[in-house]
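Before any questions on how it binds or moves, here is one chain, the form predicted on its own, in structure tokens.
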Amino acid sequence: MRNIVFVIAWLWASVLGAAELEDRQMFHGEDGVTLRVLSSTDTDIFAPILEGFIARNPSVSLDYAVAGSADIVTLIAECGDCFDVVISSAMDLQLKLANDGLARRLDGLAQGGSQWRQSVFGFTLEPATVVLNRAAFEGRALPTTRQALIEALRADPEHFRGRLGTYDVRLSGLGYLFATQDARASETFWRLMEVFGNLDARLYCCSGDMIDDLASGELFVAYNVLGSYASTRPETLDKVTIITPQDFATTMMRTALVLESTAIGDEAEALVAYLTSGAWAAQDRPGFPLPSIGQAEVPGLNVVSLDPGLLVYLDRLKRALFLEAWSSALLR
């Protein structure tokens, strides 16, 4: 296996202004080109896929940078020439990048419902889940629907006060996508958010931080957590229970696009082709958490469509109205 050289604290501040990278690592192939990838997926989760790509394309090295899904848009606006491929769980923001003319058409890739205008390509299906601290629910019925969760919280509010977590949708692109799609699907979402607000819910930037606090006992319930992130941490699995809501499971596609500005389009397209082929999922990796689109067969998935409807809540007025309603429910 090729060496992975860790290059965590690269000083890009002079290039990218105030934008921040959470992590940056180099995956070395043989001498050749370096493909620059900007992604919202943590490196430790995505590393096996990157290594699999290099094994098939040994002349390509990968410079893999991680940022929050909302920060990705800022980074591209500040320095679009700094990256070649963008991978994100925030489907709506990816669609906006393409709609703004920043994504290259890849006509050689397969067509279907998991792509938009041959520019944005889905390659995983991942439901938002409710993750529970097991010890906090010892002797209690596990809530398998949103309504059941509401009833559990209302039945013993002091037990859960200050121990609930969810995304801060003002900061998290994925959190905003999940929240708007939940609200479109059911009014139960707003009732649940009001209960969370009344019980002093904590707000987070990302799934990983919520999972950390669940494992430590700081949180008892985390809502709309990516199940793939929870299941990839074997050291926490005995401390948490992952529930895919039975009423409906809001499910996003992790997507990839090639930036129009790239100077190495062939290599960039090869990476997207590898992702959409699902070949990485066929490799023998017990417990690997990211399900390819072809593998995801969970009943009741409410898959978010990759279509212009995603842009509705990115409209400034729509976004402002939604955040006002969300703040009224959550912030006390």
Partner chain sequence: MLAVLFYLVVRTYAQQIAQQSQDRILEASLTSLMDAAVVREGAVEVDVPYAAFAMLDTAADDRVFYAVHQGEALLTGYDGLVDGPFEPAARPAFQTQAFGEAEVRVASLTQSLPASPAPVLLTVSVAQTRDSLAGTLLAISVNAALFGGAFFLLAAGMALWTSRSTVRPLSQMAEAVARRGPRDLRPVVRPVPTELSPLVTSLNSLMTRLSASLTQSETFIAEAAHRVRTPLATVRTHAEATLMRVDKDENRAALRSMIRAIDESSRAAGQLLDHAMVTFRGDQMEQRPVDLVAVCRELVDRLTPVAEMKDLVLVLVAKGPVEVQGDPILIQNAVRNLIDNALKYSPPDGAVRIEVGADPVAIVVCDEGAGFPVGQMAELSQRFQRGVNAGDTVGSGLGLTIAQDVAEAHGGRLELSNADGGGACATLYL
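All values reported here derive from a predicted model rather than from experimental measurement. Positions refer to the first chain, counted from 1.
The same protein also has a form predicted together with the partner chain, omitted here; what follows describes it.
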| item | value |
| --- | --- |
| Location of the partner chain contact in the predicted bound form, chosen stretch of 78-86, 115-123, 209-217, 223-231 [non-hydrogen atom, 4.5 Å] | 115-123 |
| Residue 101: touches the partner chain in the predicted bound form, heavy atom cutoff 4.5 angstroms | yes |
| Non-hydrogen atom contact residue 181 with the partner chain in the predicted bound form at 4.5 angstroms | yes |
| Proximity of residue 311 to the partner chain in the predicted bound form, heavy atoms at 4.5 Å | yes |
| The partner chain contact at residue 239 in the predicted bound form, heavy atom, 4.5 Å | no |
| In the predicted bound form, the residue from 134, 202, 96, 161 that sits within 4.5 Å of the partner chain by heavy atoms | 96 |
| The partner chain in the predicted bound form reached by all of 21, 28 and 51, non-hydrogen atom within 4.5 Å | no |
